[in-house]
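In structure tokens, the next block holds one chain alone, the form predicted on its own.
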């Protein structure tokens, strides 16, 4: 066994070499900005974000801890090109290096516009921008809720414009309008105003204004986030979107019930001009007074014309009194005349009734005479009919008597019957010891069969024919 030659190369354990590499990487790349496309994005249940940044030739694993994830300026998603700021570190357990992301922004305006268009199509497909969802604004809201920055010029412009047009009570919900966490604050303000109960300690607004001044697409990006758009679409209070200048467009504009080009225009759309309303009210009051005056004058003239066309009440009463006297006189004369007409009609009806009674009596007498004559003819007819039927009956009886089998018995023949009264016409119908009865012309004789001789078939048929005669 030979000894291993000594070496002056230092010896490291795995942990020591991993720690040295980690310190070297973290000291060298303690703050870096990396541009790349997000791939394999995953939000863990713990709140940490895991993804990879890639370009055409390489891939870099990245992680964003939960404390920083809520403060990112944009929401990470697959395919989004971003610029991530953070530090590089090594995970000794896997011998892999990765980037710990602390800040993130979308890389380039083109990428922002593409993301904005994709998000707009997605929310449109869900129906959040449907015009049928939009509600009309109240004509004169009592309380107006404003969601904007408390330190900017926007709130001053809105308050100044409201004071000029029609002073209303304003509730301000201060929020950050750009940067990290701005979208969550804006969505929470919309939801908070919508959650206020009517008649509570804090009055529920009749109208909401979400406002911000102009800026770049990056500055206005908080109003393009889904959380803000969904909160605006779900809000039950009519909402005006006043974000940016007239040429700026954000997704909240599509979800709001009305889009105003500027915050000042939002205040103008929120309330009418008080002076104009007063002038319009005065004009309408004057028109109403004039119309009422003209209407009264017209009706007075019409009443005077109708009064001139009416006859004098005294003359009308006298005419009706004269007409009443005439009716009374005609009534006095009409009663006797009516009685005479009724008496004449009764006499006519009595004569007609008497003629009808006489006619009926004559007809009744004719019918009685006819009935008597018919009865007299009926008696001899009945006698003749009965006599004729009696003769016919006698003839039939004599014929029946001549055809009766008893005439045959009178000539010395007899009829042999069984116990049940049936005729025994052959020796086959009698058995030895059988009781029979013999009917002769003056009665019946009981006999009993002692024996039966056999007879030829021809003779039996002759006896049967003889028995059939009876």
Partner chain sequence: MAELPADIAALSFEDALGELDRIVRALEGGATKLDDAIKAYERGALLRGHCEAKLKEAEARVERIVLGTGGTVGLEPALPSQ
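Residue numbers count along the first chain shown, from 1. Bear in mind that the values here come from a model prediction, so they are computed numbers and not experimental data.
Another form, the form predicted together with its partner chain, is not on view; read the next lines as being about it.
A.B. asks: Sort through 150, 92, 215, 261 and report the residue having a heavy atom within 4.5 Å of its partner chain in the predicted bound form.
C.D. replies: If I apply the 4.5 Å criterion carefully, the residue I get is 150.
A.B. asks: If you check 134, 103, 274, 122 against its partner chain in the predicted bound form, which one has a heavy atom within 4.5 Å?
C.D. replies: Among 134, 103, 274, 122, a heavy atom within 4.5 Å of its partner chain in the predicted bound form occurs only for 274.
A.B. asks: With its partner chain left out here, work out from 227-235, 263-271, 165-173, 339-347 which stretch has heavy atoms within 4.5 Å of it in the predicted bound form.
C.D. replies: Contact criterion met by 165-173 only.
A.B. asks: Is residue 75 near its partner chain? Define near as a heavy atom within 4.5 Å, in the predicted bound form.
C.D. replies: Because no heavy atom of residue 75 falls inside 4.5 Å of its partner chain in the predicted bound form, the answer is no.
A.B. asks: Against its partner chain in the predicted bound form, would residue 159 count as a contact residue? Criterion: heavy atoms within 4.5 Å.
C.D. replies: Looking in the predicted bound form, residue contacts with its partner chain include residue 159, since a heavy atom lies within 4.5 Å.
A.B. asks: Can you work out whether residue 112 and its partner chain are in contact in the predicted bound form, taking contact to mean some heavy atom pair no more than 4.5 Å apart?
C.D. replies: Residue-level check for residue 112: no, no contact with its partner chain.
A.B. asks: Using 4.5 Å between non-hydrogen atoms, is residue 85 touching its partner chain in the predicted bound form?
C.D. replies: Residue 85: no contact with its partner chain in the predicted bound form.
A.B. asks: Whether 202, 296 and 299 jointly form a contact site for its partner chain in the predicted bound form is the question; each needs a heavy atom within 4.5 Å.
C.D. replies: Yes, each of 202, 296 and 299 comes within 4.5 Å of its partner chain in the predicted bound form.
A.B. asks: What residues of 117-141, in sequence order, lie within 4.5 Å of its partner chain in the predicted bound form by heavy atom?
C.D. replies: Read in sequence order, the residues that approach its partner chain (within 4.5 Å, in the predicted bound form) are 139, 140.
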